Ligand SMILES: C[S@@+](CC[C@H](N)C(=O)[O-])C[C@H]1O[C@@H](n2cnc3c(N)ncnc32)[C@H](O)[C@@H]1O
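A lone chain, given as structure tokens: the form predicted on its own.
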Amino acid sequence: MSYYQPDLAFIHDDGFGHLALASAKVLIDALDRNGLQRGTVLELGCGSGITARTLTDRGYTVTGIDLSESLINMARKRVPEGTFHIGSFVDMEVPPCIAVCAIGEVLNYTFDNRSNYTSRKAFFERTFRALAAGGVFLFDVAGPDRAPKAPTRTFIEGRDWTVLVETAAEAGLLTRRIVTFKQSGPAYRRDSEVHQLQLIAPDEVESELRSIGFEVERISGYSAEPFPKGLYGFLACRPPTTA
């Protein structure tokens, strides 16, 4: 099954890019503080390239990974200087880099059914080894309290699109049933997708990171964009080398 097909990819880019922009500012500020103004940034779940465009404009080299072909195609058009691949964090090699980011519940999604505690920790370990001294790992996860107490429905519309989302949770999984309507000429085209997320305890994530050797700071939002209830951010750094 494919996810973020063309209509949902367009809507995600058009209406939900604010988090990507805000996270880019947090990452750039963290890299500046650590004296890393140039180098490669690996972006997991790179989406349509909004974060990558901001980072590239600041002089960084970006490699983006996403499981959605539609989003990868958008990213390649937005950031022709970047390198973008369809793939999963579960089995990817992490290249030497100064930063890794995964914005928007990337590590929660079950698009790759191999994603679990073991594969996530193995990815954290590969990330630590690949990062330069002072390198930054910025990401967020949906925790158990991201789940609504009862199924909820939301409705959002843009200039030429509408998206309806029904959210429910059971047994540690958050399920979003997403129905989109995208204008095509005088009519609207309907499509739908179902996304599932594993809910991950933030204390567990912090413990994993610290056990590997990261210095960890929890954050409550990206720049001026506060997180909704149940979303937790982490700014983890590989310690600088000491004399």
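Don't overthink the numbering: it's just position in the shown sequence, from 1. From a predicted model like this one, the values you see are computed outputs, not experimental measurements.
Same protein, other form: the form predicted together with the ligand, not shown, and the subject of what follows.
Peer 1: Give me the residue from W161, F111, F84, F123 that has a heavy atom within 4.5 Å of the ligand in the model of the complex.
Peer 2: Filtering the options by heavy-atom distance leaves F111.
Peer 1: Only one of 96 to 104, 128 to 136, 147 to 155, 162 to 170 gets a heavy atom within 4.5 Å of the ligand in the model of the complex; which is it?
Peer 2: Among the candidates, contact is made by 96 to 104.
Peer 1: If you check in the model of the complex, do H12, C46 and D66 all have a non-hydrogen atom within 4.5 Å of the ligand?
Peer 2: Yes.
Peer 1: Is there a heavy atom of A24 lying 4.5 Å or less from a heavy atom of the ligand in the model of the complex?
Peer 2: No, A24 sits far enough from the ligand in the model of the complex that none of its heavy atoms falls within 4.5 Å.
Peer 1: Indicate whether L71 is a 4.5 Å heavy atom neighbour of the ligand in the model of the complex.
Peer 2: The answer is yes: L71 has a heavy atom within 4.5 Å of the ligand.
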